[in-house]
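Here we start with a single chain on its own, the form predicted on its own, put down as structure tokens.
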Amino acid sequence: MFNFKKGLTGLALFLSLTLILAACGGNNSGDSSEGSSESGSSVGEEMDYEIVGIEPGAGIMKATTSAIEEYDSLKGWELIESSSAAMAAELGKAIEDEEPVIVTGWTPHWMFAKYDLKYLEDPQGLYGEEENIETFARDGLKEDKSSAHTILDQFKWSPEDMNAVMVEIQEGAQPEEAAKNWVNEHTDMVEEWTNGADEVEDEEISLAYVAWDSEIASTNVVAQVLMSMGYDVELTQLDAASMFIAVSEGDADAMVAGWLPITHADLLDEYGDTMERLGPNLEGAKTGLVVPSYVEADSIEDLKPAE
């Protein structure tokens, strides 16, 4: 015999379950796009719509300012000025806390060896394609210090070589120590750089550089090679514009830190005619916006404008 009270209870339970399942089904079908949209916008929200930059005036900072102006997805975002070291520290802290972060980045850089990172695609090409790092000397260096000029002109290495020095520095070695270790372990390559150069006795030479991890590595390696040939080397850390000015005006003898054709293009236009351009010392460099691989965005256009 049918139990009316029990039947009502069962019917109510059945209807409740049906409504719950329907609601869940509705959320799953309707929220997939909504959830994706919220996920995309939350990346910006969690970072307060900020991009962590480096020193003001650097080419990558100018490119990022242009990106904020040109991409609708970056409308309302703010580029935070800091330094190469501060940018890397902010990136490391965010990764440790598993939080989203966007930084102005470049390769070669030790952070790509330490962390799982990716570049955000740049459909408008504002950051350019591959870059070269070039060597520049003051006018007259070839006549005044021919051996140094020969070494600087022949200095060429790979991103892998540079990474090895950067990683050792990042792990605690002093720049000169890491550079000396690399030079001692790559005598064949160093012999190619010094081929045709004569040893000197206590001649002074000055190298200018920017405080980017890549340029700290390359400048210290070149310094070690010049020292091995008898030069007394002075290293001077400057911002990018001051570095170009110092070489163009003869206050520094050379630098191995010119990023072209994009990053330092305006500085080359302004000062290139008053210095000697010796050509690339490293090919295949790159700049752009960098995020940890867990960030749910693959392109600048995947981001959302600030609300």
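Source: prediction; values computed, not measured. Note that residue numbering follows the sequence shown and begins at 1.
Omitted from view is the form predicted in complex with a small molecule, to which the following refers.
> Pick from 256, 51, 275, 54: which has a non-hydrogen atom within 4.5 Å of the small molecule in the model of the complex?
Looking at 256, 51, 275, 54 one by one, just 54 meets the 4.5 Å heavy-atom criterion.
> So which of 215, 168, 153, 122 reaches within 4.5 angstroms of the small molecule in the model of the complex, heavy atom to heavy atom?
Partner contact (heavy atom, 4.5 Å) among the options: 215.
> Select, from the options 276-284, 43-51, 57-65, 245-253, the stretch whose residues sit within 4.5 angstroms of the small molecule in the model of the complex by heavy atom distance.
Only one stretch qualifies here: 57-65.
> May I ask you to state whether residue 209 is within 4.5 Å of the small molecule in the model of the complex, using heavy atom distances?
Answer no; every heavy atom of residue 209 is more than 4.5 Å from the small molecule in the model of the complex.
> Hey, in the model of the complex, is residue 106 touching the small molecule, heavy atoms inside 4.5 Å?
Yes, residue 106 is a contact residue.
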